[in-house]
Structure formats: structure tokens, C-alpha cells
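Here you'll find one protein chain in two forms, each presented separately as C-alpha cells under the names structure 1 and structure 2.
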Structure 1
């Protein structure tokens, strides 16, 4: 690092959020070697990220989805709610239609997968800063496939069941009757075409619905 910024054009100011320190530092290094991009702050969880973006008002905010404290998607929603004009790029491992849809609903300008070529990140930052959208091509087509068929309750119940929590325990947790839980699970299982709660949870997770 420490290349003197090629000061010809205005620098693109970026904040990055990512919970794995190694990846965070590496991504920052990757962007810093581009002369026209400056990483003005880094965050290792959602709340920190939100504070950083509000404080620095960067041009572009790059964020992972699954982080402690607050999800990258939640941060995007909050920025939208506050009408901030920082553009958001979601950078995640998961090629899940459900995530992409939620990202777009939250007003994100980009949705990139971590297994794309590293060179594309800086390019995406530039495109997004110019007001363009950058969506992973494979996902873009598939995305408007099936919408999440689950209701909130079903999702909530299925999440617990998928971790091995017992129907009775779920009922107590949520203050419902055990029969009701079994009904929800039965519903979810049939909606997802699964054979049992475990498979149902696996399917839902794979689609990004959980």
C-alpha cells in the first residue's frame, strides 16, 4: 500500500463490512491497490458497519450478509429507511434467490458472489458509483423464480426444528400449543415437498428462505 493516490480523479470512498478479519483485511488490500479507491473504514459486524457508514458517508458500502449483531441486509434496509445515498454492494458466499430478492428490495445496487474473480470487485465498485447496477449474471435470471412460500410463523418454527429443537420445546419457546407447531411443520413440509422437518429445513436454507 502507500502508493500515493493517483490524484487525477476524485477518489471513490468505500466502507467495507465483513466478519472474518482475514477476509476483511484482504479485501481492503485488494481495493487499496487500485489507485482510484480508498477504504475509509472497516467494520466487523452490522452495527459497527451502520455507524461507520453514517459517520463517513462513503460513496459505496460493501457488505457481507451473515454477520453478528446485524445482517448486511438489515443494514441496507436501515440505510434506505434513512434515505442515505451511499450505494450498497452485497458481497456474499450464497447464491440464493431469496437473498438477492431481499437485497434488491432493500435498495442494494450490487449483489456479488465471493467466488467471482477478484478483479471484478473494483470494477463493480466503479460501476455502482456511476449509478449502474451490478448483479451476478447467473442469479439475475434465476432470481425471479419461486418466491418464498412460507409464512413468518412457518419460517420461525422451521428454523428451530432444523436445529433439532423438539416440537414441545418450540411450543414453549413461542408460547403456542404443541399441536399448532406440528401443524405448521406439516404445512411447511408439504409446501417444500420434503419428507420430514429436517429435509424441509435443509431445502429452505438452500433457497435462502430461512
Structure 2
């Protein structure tokens, strides 16, 4: 990766979202060592992250995938829906092509693994801020493999079911009938060739579809 000179560059304003406090603090500290990057806000869950991005309007939003309240992908989708200019980098431990495909569909400009070096992350922030796309090279070749068969609603319902939420509680939470929830689950189970909702959720998570 060729380095873009920092001399004379404006400050790049960044919001970071990560539900593990130590990781969040480390990421912020590592980025702020760079003279041209300023962390303007930190968030510990998805809803807090969305509020921070909307309030601070950063150049770049760095987020984990799995977080309470909303996932990083959910936040990226919402920012895309609202036509916000903030560029999104997904920084995760999940080396799964399914996650990468969903991130790109959500409008993310970067998808990187947490084991990368600090200087590589800083350089990725600069490139994304300039309008470039930065993808982990090992995942890039796998991104367009087996397609995700789930609809957004099937994915939402299956994720909750996989976490042990009952069909009735899912129905109440989403404002749908319990029969409709069972239909979504049945479709997801069938598409994934699973025996039940638990196995379907396990398969979907392993492939990065949840």
C-alpha cells in the first residue's frame, strides 16, 4: 500500500464504534497518534453510534459489526438511506465473505480485519476519506462467492430467533403477527436446508449472513 503524504492535509474527523471498551480506547489512541486524524466521538452500541455520526458529521465512521442495539451494518444502511456523506469503514474479526458483501451493499467504503497494523488502519482512513475503497485483500477474492439467500426481514427475524427470542416476542417487537413470524422462519429454514431455527441461525452466522 503506497502511503499518501500527510503534510499539508486537513484534519480527518472520525467517529469510532466498538462495544469492547479496551478495544475502543486502543483504536482511538492509535489513530490520534497520527497528526492528521482526530477522533471526535466514541460509541459503545449501534444507536449511540448513529446519534454520534448524525451529530458530529465526521469524514469517516469506523465500526465493528456485532454491537448492542444496532449492528454496524445496520448503522451503515441507515446512513446510506439518509444520504449522509460520512464514509464507513467496517473493522471486524469476522473474515467472512457474506459480511463483506452485506457491507458493500450497505455502502461501506472499507472492510478491514482488526489484526491489521495501526499504520495500515490510519492509511485506510486517509484513502477512504479521499473517496477510495479499501478492502482486506484476502476477503476481496471471496466476496462474490455463494450468494446470501435471505431477505432483510428473514435475516432480522432469524437473528432474533437465534438469540432465543420467542416467535411471540419477535412478533410484538416488530409489530407483526406471530403467524407471519413463523412464515419468515419457515422460509429461512427452507432456504438454508436446516432442520430448525437454531440450526438455520447457526448456518447463517457461519456464512456471515446474519
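Since this is a predicted model, take the numbers as computed values, not measurements. Positions refer to the first chain, counted from 1. Take the two forms, find the largest set of C-alpha atoms that superpose within 1.5 Å, and that set is the rigid core.
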**Q.** Of structures 1 and 2, the one that is the form predicted together with a further copy of the same chain
**A.** 1
Q.
Using the rigid core as the reference frame, would you say residue 39 shifts its C-alpha by 2 Å or more between structures 1 and 2?
A. no
Q. Cα of residue 50 displaced 2 Å or more between structures 1 and 2, core superposed?
A. no
Q.
Following rigid core alignment, is the displacement of the residue 200 C-alpha between structures 1 and 2 equal to or greater than 2 angstroms?
A. yes
Q | Rigid-core-fitted C-alpha displacement of residue 158 between structures 1 and 2 (angstrom) | A | 7.3
